[in-house]
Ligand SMILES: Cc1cc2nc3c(=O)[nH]c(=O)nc-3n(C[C@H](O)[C@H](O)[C@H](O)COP(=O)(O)O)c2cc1C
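Have a look below at one chain only, the form predicted on its own, in structure tokens format.
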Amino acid sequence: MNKNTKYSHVFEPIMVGRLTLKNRIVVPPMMPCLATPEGRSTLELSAFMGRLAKSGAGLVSFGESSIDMDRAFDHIATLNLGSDLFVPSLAVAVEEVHRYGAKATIELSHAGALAYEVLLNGKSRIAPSPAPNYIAPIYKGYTVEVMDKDMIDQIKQNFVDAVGRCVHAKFDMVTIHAGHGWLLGQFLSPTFNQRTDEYGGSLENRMRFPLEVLKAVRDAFGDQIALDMRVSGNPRLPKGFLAEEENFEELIAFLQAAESYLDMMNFSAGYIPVLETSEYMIPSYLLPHKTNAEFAAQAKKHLHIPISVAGSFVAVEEADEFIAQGNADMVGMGRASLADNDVFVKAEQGRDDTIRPCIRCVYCAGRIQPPNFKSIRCAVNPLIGRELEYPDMLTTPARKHKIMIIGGGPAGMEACQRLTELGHTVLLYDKAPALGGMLHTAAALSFKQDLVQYMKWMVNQTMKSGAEIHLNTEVTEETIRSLNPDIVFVAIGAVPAYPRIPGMTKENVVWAGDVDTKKVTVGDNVVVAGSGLTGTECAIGLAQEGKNVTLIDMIKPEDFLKDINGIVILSLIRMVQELGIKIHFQSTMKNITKNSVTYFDGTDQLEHTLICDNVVNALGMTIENNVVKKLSSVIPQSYLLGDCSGKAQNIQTAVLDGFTYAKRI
């Protein structure tokens, strides 16, 4: 440990059983979808895990892994511990984690009634009881086989065998997953588990199977490997839904019974059979930081082994303070290690201002979720999931160029930073008084503070990059000719689109970005045209101010926010409902007056009128094609980045554009 670090609590070593961790930071389980379809580890997975370990964490966890090849799988491209054949390749990945001084654990699970049917080879799912009627729609319609005693014993043995393979692969720890509503959690559940034998009914009976699993593993391996268990501190169910699942006293009683077998416990939240709770498993920017902290703090009062917790601990400062207060012994910081691969090393060394912040957009999780099953990526760090392609950042080019970047938004700033790292001479021009582009607008709402921190970091890093930066300067064709650069990057963004709707140019029609940034004020009754992310977030911001807000869009209800990450959708829909925001789908605006909107409802085939003070235009952006064409036609080697390229854009694609084009030069 760096004795001079200001984060003395989080960077203090800790004993977990007989295992010594160099600090108290955990990279919690994150499924990267980098295994083969049958569950074998790959070189891509090894490189990914190595990059996580390089972050400086004391303990790095391999994401959710299935204990058998039969009916445990819940996900495509996850690791498989069901055969000795998978051990050699997995051992390579463990070695990569150890190379950076971190200890390695792996989350072992069985999905039970939530298994992914494509991977079951025609077999039925298994569970302690028939699937309850509240189970999420994606799990309905498939046969669930109720486990008999022989099957219970077999699954118990499968856990033991899986841990044995982890011992052979030289893992330091295994994490038994008893949370989130997976099989062990299904046995613990007072509503899911309806058995009448010794494995159902009372808490003593419901916790019998999970305890038998822990005992069997401990009996088989003793202290050969540390044993951790993950639980949901609370299912976080919607209000009034299955109140009996919220019994924290029962959870503590189970944990007290389990701790004699364990070296550590870690807390999450959520209950996958009710998908709405997923927003608490991987909290987005719409939820507070340290979302699940309270559960660890309460459990710490009752348990005697080390406690870890995960759930939007975004900054090392937050983790250090939480540990200093005695609320937990370790803190999981997964997405922070994705956003910046050296995050904990930088924090320990006092280089906090160089840490790239996580914006909690949940893009990483959205890629791997069903039905996507795509390999993991990070919106702000293009290296994630591309570790083999970019093992050492960017390769130094054979020739250095004079490169002009027009536009200081996320694409332009990313390109600027990468190009200066490579030694190119970079001139960055922006007509605004400050860098950031549309990030200033995107980060304006009160619940976008994570994005504010990222914007500040991006601007600061760009300003310090060594590029020649010119603000308040509008670039023309003559400007480019006079500078005579070798290469031009045009990254001027886009402007609001104003469809040809009668009344769209009236004074009471305002752009969503101007509303969010408080450049304009609106009345008490507002119609927001466009129910995409921009319109929905704007509507939420206005409703939080007490406005009466109505969203209107031509799309069908099932297409609402369909291109947005699934976890973010859950939070947005919950907030829309809680704030009483009204939505009119399949509706086409026909006319806008100074105090009303007339629209045609495609469901009842009638015209309706909404009385309002203002109409907010959230109908997307458009490219200034003439300007783009002029600026990109002066120098033969010119490239379009970000919004002005014509591709659908967000922060992730803009940053990737800047990174990719910088690499190509």
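Quantities reported herein were computed from a predicted structural model and do not represent experimental measurements. Start at 1 and count along the sequence shown; that's the residue number.
Beyond what is shown, the protein has a form predicted together with the ligand; the following relates to that form.
- Contact check for S312: a non-hydrogen atom falls within 4.5 Å of the ligand in the predicted bound form.
- Mapping the unseen interface onto this chain, A53 falls outside it, with no heavy atom inside 4.5 Å of the ligand in the predicted bound form.
- Interface residue remark: E107 is counted as part of the site for the ligand in the predicted bound form, having a heavy atom within 4.5 Å.
- The ligand is not drawn, but in the predicted bound form it has a heavy atom within 4.5 Å of G334.
- Per the 4.5 Å heavy atom criterion, the ligand in the predicted bound form is contacted by stretch 177-185, the sole one of 495-503, 177-185, 430-438, 414-422.
- Residue I368 is the only one of I569, V87, I368, I305 with a heavy atom lying within 4.5 Å of the ligand in the predicted bound form.
- Note on contacts: among I376, L561, A299, L119, the single residue with a heavy atom within 4.5 Å of the ligand in the predicted bound form is I376.
- Contacts to the ligand in the predicted bound form (heavy atom within 4.5 Å) from stretch 59-85: G63, E64.
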